[in-house]
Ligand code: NAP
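Only one chain is included here, represented as structure tokens and corresponding to the form predicted alone.
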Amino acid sequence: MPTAVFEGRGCVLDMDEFWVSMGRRALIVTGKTSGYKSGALEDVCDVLDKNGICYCIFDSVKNNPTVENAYEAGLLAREFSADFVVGIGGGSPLDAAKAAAVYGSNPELEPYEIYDGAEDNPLPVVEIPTTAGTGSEVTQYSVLTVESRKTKVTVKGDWLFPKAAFLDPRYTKSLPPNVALHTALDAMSHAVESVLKRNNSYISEPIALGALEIIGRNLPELQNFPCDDDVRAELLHAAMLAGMAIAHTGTTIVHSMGYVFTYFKDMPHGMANGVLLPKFVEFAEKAVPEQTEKIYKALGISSSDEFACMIRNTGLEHPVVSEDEAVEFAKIAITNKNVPTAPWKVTAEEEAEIMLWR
């Protein structure tokens, strides 16, 4: 994980030398709200102004950005002659910023050619999360919606690792409580899936379990969100650790099923993962009991039933999904390339059962 990580209150403002080293012109990629409400965009503009770095702002990132949306940001990077890209927000702006950096340095690249392996020196990227969940600030993935496939598809490559990430707990304070919960469950999903994947290793597993320990002890605190800075700092750190774990292993079927939920049910990504996790863990407990036991120990529980109670106790709402919908969604999700990496040989019927958990 070659990304430099800076943590703590005011860390964006305390790194003048770093910002100067990035170049003289920056494209800031963010959405309509989180960058502004969190104060992160203001801090970035202040530090760039202070150091004489010109910038322009692309604040049109959609929730679950499409390939075309990221390409639009990349065109602006090119027109502005940006030296680097700054992503500010949740997973959507952070992922869009990475893709924009690829488009910004490859003028010949058509939008969907990014999936062919665009390794031609993308612009350097700095990521500043305003949610504690995505982990995108330390991964080599950019997840974009592909309308023709009615789901999300991941761009992957070592060239997508950000140059640096800044984790300031002040930027998560303005989150709506439900978003704080959903993003924490996204981080939990990253860690759980990483531990249970077939390519789990001695490198990734301790990192993922460390993330789960932090999330497990802080998840109840989200009932009183915005909590205090220490709790939010811990959750940011856990999300980063879980991101590091999936940088090694990737995710498995929870994410591919969640992408279908997001596309068809307009469900936030972390919420989708959260409602899928309990039944997934129940299946995994039968298939790989030693691995699930490690997850339970990290979370301070002892069974899949207790895990399901932990998710229910967060107050997470379950979407209304009919049996017919679950069957159709499973037909799409079962074709995802991460299905063979699951801890057991998954069938479409099992995926449909997981999607119907209440």
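One rule holds for the numbers: they count along the sequence shown, beginning at 1. Remember, it's a predicted structure, so these values are computed and weren't measured experimentally.
Here the subject shifts to the form predicted in complex with the named molecule, a form of this protein not shown in this document.
Trainee: Answer with yes or no whether Gly90 is in contact with the named molecule in the predicted complex, where contact means some heavy atom within 4.5 Å.
Mentor: Residue-level check for Gly90: yes, a contact with the named molecule.
Trainee: So in the predicted complex, does any heavy atom of Ile246 sit within 4.5 Å of the named molecule?
Mentor: Yes.
Trainee: Using a 4.5 Å heavy atom cut-off, state whether Lys37 contacts the named molecule in the predicted complex.
Mentor: Yes.
Trainee: Verify the contact flag for Asn64: yes if a non-hydrogen atom of it lies within 4.5 Å of a non-hydrogen atom of the named molecule in the predicted complex, no if not.
Mentor: Judged by the heavy-atom cut-off of 4.5 Å, Asn64 is in contact with the named molecule in the predicted complex.
Trainee: If contact means any heavy atom within 4.5 Å, which of 75 to 83, 102 to 110, 216 to 224, 130 to 138 contacts the named molecule in the predicted complex?
Mentor: In the other structure, the partner sits against 130 to 138.
Trainee: Honest question, do Leu209, Val275 and Thr314 all end up within 4.5 Å of the named molecule in the predicted complex by heavy atom distance?
Mentor: The answer is no; none of Leu209, Val275 and Thr314 reaches the named molecule.
Trainee: Select from the listed residues Leu175, Leu241, Val231, Val281 the one whose heavy atoms reach within 4.5 Å of the named molecule in the predicted complex.
Mentor: After the contact test, the surviving option is Leu175.
Trainee: Using a 4.5 Å cut-off on heavy atoms, what residues in 102 to 116 are near the named molecule in the predicted complex?
Mentor: Residues within 4.5 Å: none in this stretch.
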